[in-house]
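Taking the form predicted alone, here's one chain by itself in structure tokens.
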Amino acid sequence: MLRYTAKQLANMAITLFAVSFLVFALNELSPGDVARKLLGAYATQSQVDILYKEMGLDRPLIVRYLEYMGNALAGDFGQSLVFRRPVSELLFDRLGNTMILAAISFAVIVPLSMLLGVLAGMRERSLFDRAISVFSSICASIPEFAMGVFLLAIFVVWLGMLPGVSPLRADSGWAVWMQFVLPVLVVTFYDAGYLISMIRSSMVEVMRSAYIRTATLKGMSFRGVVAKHALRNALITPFTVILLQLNYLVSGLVVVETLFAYPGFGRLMLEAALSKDIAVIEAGTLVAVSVTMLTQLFGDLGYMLLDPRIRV
């Protein structure tokens, strides 16, 4: 397992350098836009050309890339053109907010999905199973923005119980913890619908296995069969998918964060893309790719721990 981990970490490093160069090259192919954005729309072309040279954008691409990666490895990702702040400081703040939202959502999604999925799979075709299947299908089929608007209409417009935005400020008139309720609900409903269906399908498949029937015929109680034989095997396949949800919860919450004005990483990347904030786009891409590869690595290692056959 150590050899596999070391190999995967080496592949991650190569992938990061390849992705970083590709993103850097695509963003830097039109460096004149950067100088123009700094000076404004009314700057003359001569002023743009002067700033273009002062920023060193007239140097070869590979030289600028090596300089950027050297600074990035030291924690310096440059200055944001839109927010007028160091990119590393900006990413740290926004990632922290997203991590809080992701941690709360993950702590709700995983136990809820496992509980409902396992209970539904234990009693295939029962009334409870059909109700859970309908619930998960509805949740998984409704887009995030539609779910968000629906919950806003109920809890904000109709009942007036919760705030409609989540700026994470105590001076907004609402307690900070209440500003998390609607974003967490949207993420939970949307993500849990898919996980419940997958865990339920895996549990149904395991409950139909021959070794489950054998254990039952030997006189083992139904609860013992589920706890000792079915549960672990049923969670092997969904385990990887559960860990991969971390990638979505960190870099895929663009819609939720934008809908509720939540100051998170996904909303930052959207604003950077719309404003052509190259430094933020480059650093954010590295973060998103790193999170994706790390979750895949942890998923593979967890899969190997749950299923000894994979190690062989």
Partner chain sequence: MTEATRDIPAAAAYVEVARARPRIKLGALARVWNLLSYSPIATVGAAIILFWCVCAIFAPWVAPYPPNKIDSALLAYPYPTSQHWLGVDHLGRDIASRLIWGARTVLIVAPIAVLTAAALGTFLGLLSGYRGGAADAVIMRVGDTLLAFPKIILYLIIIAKFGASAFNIVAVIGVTNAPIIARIVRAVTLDVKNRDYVAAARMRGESPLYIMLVEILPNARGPLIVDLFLRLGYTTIAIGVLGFLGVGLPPPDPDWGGMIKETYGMLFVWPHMTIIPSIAISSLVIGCNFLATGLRESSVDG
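Nothing here was measured: the structure is a model prediction, and the numbers come from that model. Numbering follows the first chain given and starts at 1.
We do not show the form predicted together with the partner chain, though everything after this point is about it.
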property	result
4.5 Å heavy atom contact, Q47 to the partner chain in the predicted bound form	no
S141, heavy atom within 4.5 angstroms of the partner chain in the predicted bound form	yes
The partner chain contact in the predicted bound form: R64, any heavy atom under 4.5 Å	no
Close approach of K218 to the partner chain in the predicted bound form, 4.5 Å, heavy atom	no
Stretch in contact in the predicted bound form with the partner chain, which is absent here, among 114-122, 131-139, 94-102, 218-226 (heavy atoms within 4.5 Å)	131-139
Residues in 264-290 close to the partner chain in the predicted bound form, defined by a heavy atom within 4.5 Å, in order	F265, M269, L270, A273, L274, K276, I281, T285, A288, V289
